[in-house]
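Below you'll find only one chain, the form predicted alone, shown as structure tokens.
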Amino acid sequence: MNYDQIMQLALERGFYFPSCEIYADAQAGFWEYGPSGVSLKNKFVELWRREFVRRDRMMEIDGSQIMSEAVFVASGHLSSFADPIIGCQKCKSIFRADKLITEITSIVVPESADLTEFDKVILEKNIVCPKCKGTFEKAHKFNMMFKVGIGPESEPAYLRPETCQSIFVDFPRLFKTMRGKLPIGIAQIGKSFRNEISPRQSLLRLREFYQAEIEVFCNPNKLDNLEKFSEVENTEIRIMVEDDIKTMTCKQALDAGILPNKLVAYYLGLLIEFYQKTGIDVTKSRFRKLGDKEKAFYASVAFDFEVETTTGWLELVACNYRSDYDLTSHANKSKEKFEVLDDEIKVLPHVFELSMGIDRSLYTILEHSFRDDKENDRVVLSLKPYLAPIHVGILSLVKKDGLAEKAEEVFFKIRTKYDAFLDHSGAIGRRYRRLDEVGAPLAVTVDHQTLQDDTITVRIRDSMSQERIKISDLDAYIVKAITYP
């Protein structure tokens, strides 16, 4: 199994595909979800809401994708949200400096390093343009914000590069009107936009992408006063310690000083429990603490949640302790007050963030669920049943003798409760294979016996075993098969 196989499956089974692909001028970094992808994404989001938002009684908002220039002056994005790039003097091709250096030499230079460090490595390693062998100009910064003009005067504004800024600017209103109490989480799901220099590998690096972000507002003097930490204290996480991955419980990591406080440890524990339920193999995961030159400019402490894929270690979630950076910045720029009362004491909250890449997470779920079952000559997407784009396929053994009509009758009974797919076309074996490839956990076959006793055959995706049940029992059977853990 490799990236190309996942890409082929995604295209053939309607998970995702390039935007505007019929046109030669279609820009890279924009992808569209097909019917299977939308269904998988919606179920993933619902699982996220269940495991984070509803569990911790968080607030969820839906903010604007276009925000005023002042927001990003205050946030620091207009001055600091930039990637290092280098341009070829000969063919004028542009490359992201840190990525090109790593690809050619395996040397890792953090993207936030001084520009002179990139120039030094390029010179010492004699790195030339991979397209024409030309020499490079000096490295410089490229701001990734998408600028837009509003109204006839084209007043400057920007597409948001992350969903969290609306959470920060809305915080005073939300805390007051929703009767908030620290610590409190505010969540948002939506699209963000970054003018990536070299988007690549479908969902792994995009210019328009989905994020699920949670900002936990907390009293910085009470980060270890968290009773609910006991819910995850025995949850095992894999964390980088001195270049080695150690498996330990959240409590052990906290006691060893590897994690800074109970609040951070609690949310890292929740995160690993969530990804276990998505079907991602968490034995191939790690939390990696970022060094000073790797952290985002707003973070004082940062851990990346990374998962190993065939493309390498892939960051799925950025876990940033943003301290009071954002609220202080917006308070100074807007002149509004962001302090709140906590136990009758006025405090400016600090923020801990879980910034999840939905697209990358979905790719990883597909890769970790992919099975090439050569013994049975089939490809299987062993998705968790509650995430499967199709819950159950309804098939007629043949299209004649009234079987098609009976299959349609079964389909109409369940179509509004489950994601069901009705299929009469082709050999029954091939129809099973199509359902396997899209990850449907169940396939129901209507045959001649059905007409005699109202029973049907249910086929289980992973084992290929079959069971005969009554049509009247199908509803309960599906519920049991696709219920959340």
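Remember, predicted model here, so these are calculated numbers, not experimental data. Heads up: residue numbers just count along the shown sequence, starting at 1.
This protein has a second form, the form predicted together with the RNA, left out of what is shown; the following refers to that one.
Asker: Taking any heavy atom pair closer than or equal to 4.5 Å as contact, tell me whether E437 reaches the RNA in the predicted complex.
Answerer: E437: contacts the RNA in the predicted complex.
Asker: Please run the contact check for I469 against the RNA in the predicted complex: heavy atoms, 4.5 angstroms, yes or no?
Answerer: I469 lies outside the contact set for the RNA.
Asker: With a 4.5 Å heavy atom cut-off, would you call I22 a contact of the RNA in the predicted complex?
Answerer: Close contact exists here: in the predicted complex, I22 approaches the RNA to within 4.5 Å, heavy atoms only.
Asker: Taking 4.5 angstroms as the cut-off for heavy atoms, does E367 touch the RNA in the predicted complex?
Answerer: Flag for E367 set to no.
Asker: Quick check for you: of 251-259, 149-157, 384-392, 203-211, which stretch puts a non-hydrogen atom within 4.5 Å of the RNA in the predicted complex?
Answerer: Comparing against the RNA in the predicted complex, the contact stretch is 203-211.
Asker: Tell me, out of D244, D377, E227, D343, which residue has a non-hydrogen atom within 4.5 angstroms of the RNA in the predicted complex.
Answerer: Answer to the contact question: D377.
Asker: Scan M144, V301, L174, V128 and let me know which has any heavy atom within 4.5 Å of the RNA in the predicted complex.
Answerer: If I apply the 4.5 Å criterion carefully, the residue I get is M144.
Asker: Looking at the RNA in the predicted complex, do all three of L11, S198 and R433 come within 4.5 Å of it through at least one heavy atom?
Answerer: Every residue of the spot touches the RNA in the predicted complex.
Asker: Quick one: name the residues from 427-451 with any non-hydrogen atom within 4.5 angstroms of the RNA in the predicted complex.
Answerer: The stretch 427-451, when checked against the RNA in the predicted complex, contributes A427, I428, G429, R430, Y432, R433, R434, E437, T445, D447, H448 at the 4.5 Å heavy-atom cut-off.
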